[in-house]
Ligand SMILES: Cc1cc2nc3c(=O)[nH]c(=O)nc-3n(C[C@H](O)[C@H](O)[C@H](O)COP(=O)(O)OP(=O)(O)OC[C@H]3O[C@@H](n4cnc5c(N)ncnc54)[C@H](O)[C@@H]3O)c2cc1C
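Encoded as structure tokens, the following chain is the form predicted alone, with no partner shown.
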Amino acid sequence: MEQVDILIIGAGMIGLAVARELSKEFEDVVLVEKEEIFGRHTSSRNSEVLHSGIYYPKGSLKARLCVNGVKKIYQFAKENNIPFRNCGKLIVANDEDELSILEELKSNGENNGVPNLQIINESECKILEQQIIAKYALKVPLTGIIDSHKLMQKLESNAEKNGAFIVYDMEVISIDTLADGYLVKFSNGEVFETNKIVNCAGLHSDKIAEMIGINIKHENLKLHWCKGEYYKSSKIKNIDHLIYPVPDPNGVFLGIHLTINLQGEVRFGPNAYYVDELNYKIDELYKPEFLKAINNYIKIDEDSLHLDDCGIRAKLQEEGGEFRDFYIKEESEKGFPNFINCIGIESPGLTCCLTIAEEVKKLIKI
């Protein structure tokens, strides 16, 4: 049986960042992951967008960790030669009702501390993006894109250089409480005894919390899987900014938006619909929805739009429900000291990975 001081469960973006951060200070840090490599799910199936923090309620973890996180991640990328592009984005509006939403977003962003937000008119939009249809746009200079795979590689190598151990093919099947710690069993027969656990299991983080004895339904911590698909197009070129519509009024997603990758290639998405099973199959069922949404801000025909990929988000917000914040908490109050839950870490989780790791570090009780 292995003796471990800190056990981190899940080697997605958040688990890797937590391993890097904790291994700076603690000597015996182990990160386990049930897959054969890091980031097999949400962390590698997203838009790779670095968000500014304009969308989230003032005082929320998402707002605070995003506004601070985007600055930290740009700096981290510069220092570690991780490819990124601070391209900025335009949130477009085509009538007065949508303009009022832009004004609300601008005000919310400014309240959260997002700098240099500006509402521009149609002619100013055309100067920035000639192909875009927009009477108005909210210009968000802080937004950008990053190579998420290279970022995860660097977080992994940093953690290992700090002395952390990262072990793949380690699926947790049970967690029992001990007098002073936890007993964790794995599907391969391994057993770890650990003093501290950080739950970064992404899509399955509610199940890990349940294993230790937390009633996830009673605590309102049951996750809801929300799938999003992406389309790509090689016909649209020479786009310099990310292009977003006004966001979904229910806060489920940010609308089907145009993103560019680091090679300048264009793709659209994601849409959003709730699912009960984890599969990444896609078909063209939602193509009409994509075409309608995209043609509101840039003209494209059906033959120029092709299926690309999809991802699944772990949302605490249920279908039809209200905004839910990240859940990052040390669970002594529930009777589980030094068990730290990171649940519902959806967008802007990529942007916040370094600041989430710092938040977790504050919660460790020595």
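Position 1 is the first residue in the sequence shown; the rest follow in order. Just so it is clear, the model here is predicted, and its values are computed rather than measured.
Absent from the display: the form predicted in complex with this ligand. The rest refers to it.
Heavy atoms within 4.5 Å of this ligand in the predicted complex map, among the stretches 294-302, 31-39, 331-339, 317-325, onto 31-39 alone. Distance criterion of 4.5 Å from any heavy atom to this ligand in the predicted complex singles out 204 from the list 204, 232, 85, 106. Taking the partner from elsewhere, residue 46 is found to have a heavy atom lying within 4.5 Å of this ligand in the predicted complex. When contacts are judged by a 4.5 Å heavy atom cut-off, residue 209 does not count as touching this ligand in the predicted complex. Taking non-hydrogen atoms only, residue 355 never approaches this ligand to within 4.5 angstroms in the predicted complex. The closest heavy atom approach of residue 61 to this ligand in the predicted complex falls outside 4.5 Å. In the predicted complex, this ligand lies within 4.5 angstroms of at least one heavy atom of each of the following residues of 2-34: 9, 10, 11, 12, 13, 14, 15, 32, 33, 34, in sequence order.
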